[in-house]
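One chain comes next, on its own, written as structure tokens: the form predicted on its own.
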Amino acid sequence: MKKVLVLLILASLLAMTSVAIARDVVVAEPGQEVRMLLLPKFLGILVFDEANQGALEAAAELENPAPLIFDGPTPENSVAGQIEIVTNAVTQGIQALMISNNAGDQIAPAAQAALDAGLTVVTWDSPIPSAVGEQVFVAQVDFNETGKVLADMALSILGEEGGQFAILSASPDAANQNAWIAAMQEVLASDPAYANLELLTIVYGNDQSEESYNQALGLVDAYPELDLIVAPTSVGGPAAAKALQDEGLCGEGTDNSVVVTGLMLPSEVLAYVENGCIPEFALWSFVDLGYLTYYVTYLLATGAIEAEPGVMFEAGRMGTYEITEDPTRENGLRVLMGPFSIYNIENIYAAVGMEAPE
């Protein structure tokens, strides 16, 4: 009888705990008006357009009467342009900013001024390195994991015998790119499994196709023994593959082949995967990233949640998330989306909605 009583008490406590946990997961109240601005690194990049699609989907679900503003600088004026947009938002009636930062800590004073003026400030895709001026960073994936994924793809392509590779990044001020590269270098230095992979140099194409194309050609000219270009940028990867293809340096039957891997959008690199210029690559869903970012920002801006570790919330179709301390930045908070998807000739057709050729 005592055992039964104990079991009943435990069951009751467990049920009460479950209810308490359920109550701790905040659900957004739709229909509240918040003027929100989604700020990409700059305009004209497909992955940022996809993030905007996701944010628009979330905006419709949350029935925000205020239309979502999607605005950004030109590629040539990305750093100063982002700072200007954040600065002007304070006087233009914007209530919430969602920033994919391309200005490093240069944007921190403007972001902090917006925060001090009462705006909600969330970063996504690329954070403010010092976390000054932002409340939460919506991370697509764990940045340390990104470094290992890049290293693993390089090892998969080059094999145990290894080889020489170079990194073609976006811009020197891109916090996400810099963190991924640093994490990759840490993996290469700390694990003997990667001992035969030799990183030659890091160059920057500033997320512009022509400049990335030329940087790829420059790498081939400067390093005759180059085997691989690692491009953790959705612009740099396809541009590098095109440069190598145009020069006859990649593809089946090519002598002294140089190939590309990195972080890219499946729809933009199908042809290069088919011809062998990009054996494999990785990415996540930018639609989901924009969707999740909008939910986080709406919840913060409406006062439903605070930017504090341990806060849990529901993000529509994507489920439950938690705000945690950012292990990659001393003073930052983050919401981690995940996961990675690795693409190659075996699964890229499904990723772009096509049937594989027989």
Partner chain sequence: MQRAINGLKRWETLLFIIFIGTVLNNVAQSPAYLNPNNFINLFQLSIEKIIVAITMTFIIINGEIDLSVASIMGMAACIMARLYDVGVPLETGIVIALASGALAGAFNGFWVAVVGLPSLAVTLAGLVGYRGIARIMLEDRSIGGFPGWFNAFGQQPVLGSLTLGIVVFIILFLVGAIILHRSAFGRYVYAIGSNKEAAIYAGVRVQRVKMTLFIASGMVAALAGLLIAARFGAVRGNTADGFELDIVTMVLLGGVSIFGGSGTLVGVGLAILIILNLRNGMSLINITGNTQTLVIGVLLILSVLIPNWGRAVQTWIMRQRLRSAELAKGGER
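Numbering follows the first chain given and starts at 1. Note that the structure is a prediction, hence the values are computed from the model and not measured.
Although not depicted, the form predicted in complex with its partner chain is the subject of the following passage.
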{"property": "Interface membership of Leu228, its partner chain in the predicted bound form, 4.5 Å heavy atom rule", "result": "no"}
{"property": "Interface membership of Met318, its partner chain in the predicted bound form, 4.5 Å heavy atom rule", "result": "no"}
{"property": "Proximity of Leu283 to its partner chain in the predicted bound form, heavy atoms at 4.5 Å", "result": "no"}
{"property": "Any non-hydrogen atom of Pro109 within 4.5 angstroms of its partner chain in the predicted bound form", "result": "yes"}
{"property": "Selected contact from Asp288, Asp142, Asp152, Asp173, since only one has a non-hydrogen atom within 4.5 angstroms of its partner chain in the predicted bound form", "result": "Asp173"}
{"property": "One residue of Glu186, Glu198, Asp71, Glu274 in contact with its partner chain, assessed in the predicted bound form (non-hydrogen atom, 4.5 angstroms)", "result": "Asp71"}
{"property": "Segment that reaches its partner chain in the predicted bound form - one of 152-160, 100-108, 189-197, 133-141, heavy atoms within 4.5 Å", "result": "100-108"}
{"property": "Within 4.5 Å of its partner chain in the predicted bound form: residues from 199-221 (heavy atom criterion)", "result": "Tyr204"}
